[in-house]
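Next comes just one chain, in C-alpha coordinates: the form predicted on its own.
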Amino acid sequence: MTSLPTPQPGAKKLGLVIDLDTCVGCHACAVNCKEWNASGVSAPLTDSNAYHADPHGVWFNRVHTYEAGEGQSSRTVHFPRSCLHCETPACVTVCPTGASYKRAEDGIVLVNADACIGCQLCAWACPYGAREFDADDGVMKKCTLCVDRIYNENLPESERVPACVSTCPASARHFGDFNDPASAVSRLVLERGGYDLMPEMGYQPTNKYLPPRKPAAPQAAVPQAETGATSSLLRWLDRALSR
(Lines give C-alpha, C1' and ligand atoms only; values in the text may rest on other atoms or scores of the structure.)
Protein backbone atom coordinates (compact mmCIF):
# COMPACT_ATOMS: atom_id res chain seq x y z
CA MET A 1 0.00 0.00 0.00
CA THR A 2 1.08 3.57 -0.63
CA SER A 3 2.14 5.91 2.17
CA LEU A 4 1.39 9.62 2.36
CA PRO A 5 4.16 12.23 2.23
CA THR A 6 5.37 14.00 5.34
CA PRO A 7 4.15 17.62 5.35
CA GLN A 8 6.92 20.03 4.41
CA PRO A 9 7.43 23.40 6.13
CA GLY A 10 6.33 26.16 3.78
CA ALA A 11 4.68 23.75 1.33
CA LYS A 12 1.65 24.88 -0.61
CA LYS A 13 -1.81 23.39 -0.26
CA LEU A 14 -3.43 24.01 -3.63
CA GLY A 15 -7.11 23.52 -4.23
CA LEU A 16 -10.46 24.95 -5.24
CA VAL A 17 -13.30 26.81 -3.63
CA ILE A 18 -16.65 26.25 -5.34
CA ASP A 19 -19.49 28.69 -4.69
CA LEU A 20 -22.80 26.80 -4.71
CA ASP A 21 -24.61 30.12 -4.51
CA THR A 22 -23.11 31.29 -7.80
CA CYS A 23 -22.83 28.14 -9.94
CA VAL A 24 -25.46 28.22 -12.72
CA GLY A 25 -24.96 24.62 -13.88
CA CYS A 26 -23.78 25.57 -17.36
CA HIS A 27 -21.22 22.70 -17.50
CA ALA A 28 -18.57 25.02 -18.98
CA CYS A 29 -16.10 23.77 -16.34
CA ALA A 30 -16.67 20.17 -17.38
CA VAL A 31 -16.36 20.91 -21.09
CA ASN A 32 -13.21 23.03 -20.83
CA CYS A 33 -11.66 20.48 -18.45
CA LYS A 34 -12.34 17.74 -21.00
CA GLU A 35 -10.91 19.82 -23.84
CA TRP A 36 -7.71 20.70 -21.96
CA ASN A 37 -7.01 17.24 -20.58
CA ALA A 38 -7.88 15.41 -23.80
CA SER A 39 -4.70 16.89 -25.24
CA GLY A 40 -2.63 17.10 -22.04
CA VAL A 41 -0.78 14.78 -19.67
CA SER A 42 -3.87 12.61 -19.13
CA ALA A 43 -4.68 12.21 -22.83
CA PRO A 44 -6.54 10.59 -24.38
CA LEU A 45 -9.86 10.57 -22.50
CA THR A 46 -12.27 7.83 -23.49
CA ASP A 47 -15.56 8.69 -25.18
CA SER A 48 -17.78 5.91 -26.48
CA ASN A 49 -21.29 6.28 -27.92
CA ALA A 50 -21.27 9.90 -26.80
CA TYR A 51 -24.52 10.72 -28.60
CA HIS A 52 -26.37 7.45 -28.03
CA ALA A 53 -28.48 5.95 -25.27
CA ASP A 54 -25.59 4.38 -23.37
CA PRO A 55 -22.63 6.80 -23.46
CA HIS A 56 -19.35 6.08 -21.67
CA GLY A 57 -16.57 8.53 -21.09
CA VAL A 58 -13.93 9.95 -18.77
CA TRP A 59 -14.81 13.29 -17.20
CA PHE A 60 -12.75 14.87 -14.45
CA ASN A 61 -15.52 17.39 -13.72
CA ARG A 62 -19.19 16.53 -13.46
CA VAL A 63 -22.08 18.82 -12.54
CA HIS A 64 -25.19 17.46 -10.80
CA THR A 65 -28.40 19.41 -10.36
CA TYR A 66 -30.79 18.91 -7.45
CA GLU A 67 -34.01 20.38 -6.19
CA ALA A 68 -33.48 20.83 -2.46
CA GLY A 69 -35.71 21.98 0.37
CA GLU A 70 -39.43 22.63 0.53
CA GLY A 71 -41.72 25.61 0.31
CA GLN A 72 -40.21 29.08 0.32
CA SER A 73 -36.79 27.74 1.35
CA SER A 74 -36.50 25.40 -1.66
CA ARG A 75 -34.09 26.07 -4.48
CA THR A 76 -32.26 24.50 -7.41
CA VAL A 77 -28.67 23.67 -6.55
CA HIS A 78 -26.00 22.95 -9.16
CA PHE A 79 -23.33 20.81 -7.56
CA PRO A 80 -19.95 20.52 -9.35
CA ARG A 81 -17.98 17.41 -8.42
CA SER A 82 -14.34 16.52 -8.99
CA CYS A 83 -11.37 15.24 -7.00
CA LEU A 84 -11.07 17.09 -3.68
CA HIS A 85 -7.31 16.42 -3.26
CA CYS A 86 -7.80 15.22 0.30
CA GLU A 87 -5.26 15.68 3.08
CA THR A 88 -5.46 11.95 3.87
CA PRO A 89 -6.80 10.38 0.66
CA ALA A 90 -7.95 6.77 0.91
CA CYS A 91 -7.44 6.41 -2.85
CA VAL A 92 -3.70 6.77 -2.27
CA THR A 93 -3.30 4.52 0.75
CA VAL A 94 -5.15 1.59 -0.88
CA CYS A 95 -3.14 1.69 -4.11
CA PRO A 96 -1.08 -1.53 -4.32
CA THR A 97 1.49 -0.20 -6.80
CA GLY A 98 2.07 3.39 -5.72
CA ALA A 99 0.42 4.67 -8.90
CA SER A 100 -1.81 6.94 -6.85
CA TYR A 101 0.23 9.43 -4.88
CA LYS A 102 0.05 12.79 -3.12
CA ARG A 103 2.66 15.44 -3.82
CA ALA A 104 4.47 16.85 -0.79
CA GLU A 105 5.17 20.23 -2.37
CA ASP A 106 1.59 21.27 -3.10
CA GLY A 107 -0.78 18.52 -1.89
CA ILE A 108 -2.07 17.59 -5.35
CA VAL A 109 -3.19 13.95 -5.72
CA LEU A 110 -2.14 12.35 -9.01
CA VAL A 111 -1.98 9.02 -10.82
CA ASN A 112 1.14 7.61 -12.49
CA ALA A 113 -0.39 5.84 -15.48
CA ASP A 114 2.79 3.84 -16.06
CA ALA A 115 2.43 2.19 -12.63
CA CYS A 116 -1.38 1.83 -12.62
CA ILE A 117 -2.69 -1.72 -13.18
CA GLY A 118 -6.34 -0.68 -13.45
CA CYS A 119 -7.46 -2.63 -10.39
CA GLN A 120 -9.88 0.20 -9.47
CA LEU A 121 -9.27 -0.13 -5.73
CA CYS A 122 -8.87 3.65 -5.59
CA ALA A 123 -12.32 4.14 -7.12
CA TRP A 124 -13.88 1.87 -4.52
CA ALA A 125 -12.05 3.69 -1.71
CA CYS A 126 -12.99 7.22 -2.80
CA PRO A 127 -16.31 8.25 -1.19
CA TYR A 128 -16.64 11.21 -3.57
CA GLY A 129 -16.75 9.26 -6.84
CA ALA A 130 -13.79 11.22 -8.19
CA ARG A 131 -11.93 8.38 -9.91
CA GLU A 132 -12.50 7.57 -13.59
CA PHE A 133 -11.54 4.31 -15.30
CA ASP A 134 -10.30 4.80 -18.85
CA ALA A 135 -11.35 1.62 -20.60
CA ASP A 136 -9.21 2.38 -23.65
CA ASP A 137 -5.98 2.78 -21.65
CA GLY A 138 -6.93 0.34 -18.88
CA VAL A 139 -5.87 2.79 -16.13
CA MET A 140 -7.43 5.11 -13.60
CA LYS A 141 -7.53 8.84 -14.29
CA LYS A 142 -8.65 11.88 -12.32
CA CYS A 143 -8.49 15.63 -11.91
CA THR A 144 -4.86 16.78 -11.85
CA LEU A 145 -5.70 20.35 -10.85
CA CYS A 146 -4.17 21.06 -14.27
CA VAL A 147 -0.56 20.67 -13.09
CA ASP A 148 0.52 21.06 -16.71
CA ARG A 149 -1.16 24.46 -16.74
CA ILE A 150 -0.73 26.04 -13.31
CA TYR A 151 3.07 25.67 -13.48
CA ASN A 152 3.41 26.46 -17.19
CA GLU A 153 5.63 29.52 -17.41
CA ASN A 154 4.88 29.83 -21.13
CA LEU A 155 1.40 31.01 -20.17
CA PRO A 156 0.62 34.48 -18.84
CA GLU A 157 0.44 34.37 -15.05
CA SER A 158 -3.28 35.20 -15.12
CA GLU A 159 -3.91 31.99 -17.11
CA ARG A 160 -2.01 29.68 -14.74
CA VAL A 161 -5.18 28.37 -13.14
CA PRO A 162 -7.09 25.12 -13.72
CA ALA A 163 -9.07 25.02 -16.95
CA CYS A 164 -12.35 24.81 -15.04
CA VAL A 165 -11.56 28.02 -13.17
CA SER A 166 -10.50 29.90 -16.29
CA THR A 167 -13.75 29.20 -18.11
CA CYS A 168 -16.40 29.63 -15.39
CA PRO A 169 -18.69 32.46 -16.61
CA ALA A 170 -20.14 33.06 -13.16
CA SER A 171 -16.80 33.08 -11.30
CA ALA A 172 -18.10 30.30 -9.09
CA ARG A 173 -14.74 28.51 -9.01
CA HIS A 174 -11.65 29.87 -7.24
CA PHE A 175 -8.10 28.49 -7.11
CA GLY A 176 -5.30 29.15 -4.68
CA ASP A 177 -3.11 28.15 -1.76
CA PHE A 178 -5.00 27.24 1.41
CA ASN A 179 -1.76 27.38 3.41
CA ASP A 180 -1.61 31.11 2.70
CA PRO A 181 -4.09 32.80 5.06
CA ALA A 182 -4.04 35.92 2.86
CA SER A 183 -5.00 34.05 -0.34
CA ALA A 184 -8.39 34.60 -1.94
CA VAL A 185 -9.47 31.00 -1.26
CA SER A 186 -8.53 31.22 2.43
CA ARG A 187 -10.44 34.46 2.83
CA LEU A 188 -13.51 33.08 1.04
CA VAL A 189 -13.59 30.02 3.31
CA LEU A 190 -13.27 32.20 6.40
CA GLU A 191 -15.83 34.80 5.36
CA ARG A 192 -18.44 32.47 3.87
CA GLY A 193 -18.06 29.39 6.04
CA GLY A 194 -16.35 27.12 3.52
CA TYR A 195 -17.61 23.58 3.88
CA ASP A 196 -15.82 20.18 3.81
CA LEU A 197 -17.86 17.66 1.87
CA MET A 198 -18.72 14.67 4.06
CA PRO A 199 -16.35 15.71 6.88
CA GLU A 200 -17.42 12.70 8.93
CA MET A 201 -15.34 10.48 6.60
CA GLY A 202 -12.17 12.03 8.03
CA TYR A 203 -10.31 12.49 4.72
CA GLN A 204 -9.97 16.28 5.15
CA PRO A 205 -10.67 17.38 1.57
CA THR A 206 -8.68 20.39 0.42
CA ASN A 207 -11.40 21.69 -1.91
CA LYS A 208 -14.16 23.57 -0.13
CA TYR A 209 -17.76 24.43 -0.99
CA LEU A 210 -19.36 27.75 -0.15
CA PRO A 211 -22.96 27.21 0.99
CA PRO A 212 -25.88 28.94 -0.71
CA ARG A 213 -26.78 32.20 0.95
CA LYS A 214 -30.05 32.42 2.82
CA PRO A 215 -32.99 33.79 0.81
CA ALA A 216 -33.39 37.57 0.90
CA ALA A 217 -37.11 37.29 1.74
CA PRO A 218 -38.27 39.11 4.90
CA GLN A 219 -38.10 36.92 7.98
CA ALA A 220 -41.80 37.37 8.61
CA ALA A 221 -42.56 35.70 5.29
CA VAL A 222 -40.53 32.60 6.10
CA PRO A 223 -41.68 30.20 8.85
CA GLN A 224 -39.13 29.92 11.64
CA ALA A 225 -38.68 26.20 11.00
CA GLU A 226 -37.40 26.89 7.48
CA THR A 227 -34.70 29.45 8.25
CA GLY A 228 -32.06 26.71 8.57
CA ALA A 229 -32.21 26.00 4.84
CA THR A 230 -28.48 26.39 4.33
CA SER A 231 -27.37 23.79 6.88
CA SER A 232 -30.15 21.37 5.91
CA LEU A 233 -29.20 21.72 2.25
CA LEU A 234 -25.58 20.81 2.97
CA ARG A 235 -26.69 17.75 4.92
CA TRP A 236 -28.95 16.83 2.00
CA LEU A 237 -26.05 17.07 -0.45
CA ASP A 238 -23.96 14.80 1.77
CA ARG A 239 -26.72 12.18 1.79
CA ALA A 240 -27.28 12.44 -1.97
CA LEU A 241 -23.60 11.92 -2.76
CA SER A 242 -23.19 9.00 -0.40
CA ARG A 243 -26.01 6.95 -1.96
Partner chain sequence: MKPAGSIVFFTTASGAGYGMLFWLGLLSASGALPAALWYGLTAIAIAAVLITAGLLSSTAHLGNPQRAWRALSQWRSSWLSREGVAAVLTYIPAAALAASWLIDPRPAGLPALLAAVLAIITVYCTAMIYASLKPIRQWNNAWVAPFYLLAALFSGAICLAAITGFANPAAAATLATIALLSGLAAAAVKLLYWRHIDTTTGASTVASATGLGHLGTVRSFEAPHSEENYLLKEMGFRIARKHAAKLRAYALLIAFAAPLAILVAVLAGAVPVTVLPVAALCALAGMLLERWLFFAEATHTVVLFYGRQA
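Because the structure is predicted, anything quoted here is derived from the model rather than measured. Residue numbers count along the first chain shown, from 1.
One more form of this protein, predicted together with its partner chain, exists but is not displayed; see below.
Taking the partner from elsewhere, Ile150 is found to have every heavy atom lying beyond 4.5 Å of its partner chain in the predicted bound form. With a 4.5 Å cutoff on heavy atoms, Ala125 counts as touching its partner chain in the predicted bound form. Contact check for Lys142: no non-hydrogen atom falls within 4.5 Å of its partner chain in the predicted bound form. Interface residue remark: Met198 is counted as part of the site for its partner chain in the predicted bound form, having a heavy atom within 4.5 Å. With the partner omitted here, the residue from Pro205, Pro212, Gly176, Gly194 that has a non-hydrogen atom within 4.5 angstroms of its partner chain in the predicted bound form is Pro212. Here the chain stands by itself, but in the predicted bound form one stretch of 161 to 169, 116 to 124, 102 to 110, 142 to 150, 116 to 124, has heavy atoms within 4.5 Å of its partner chain. For the partner-free chain shown, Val94, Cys95, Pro96, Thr97, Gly98 of 94 to 112 come within 4.5 angstroms of its partner chain in the predicted bound form, judged by any non-hydrogen atom.
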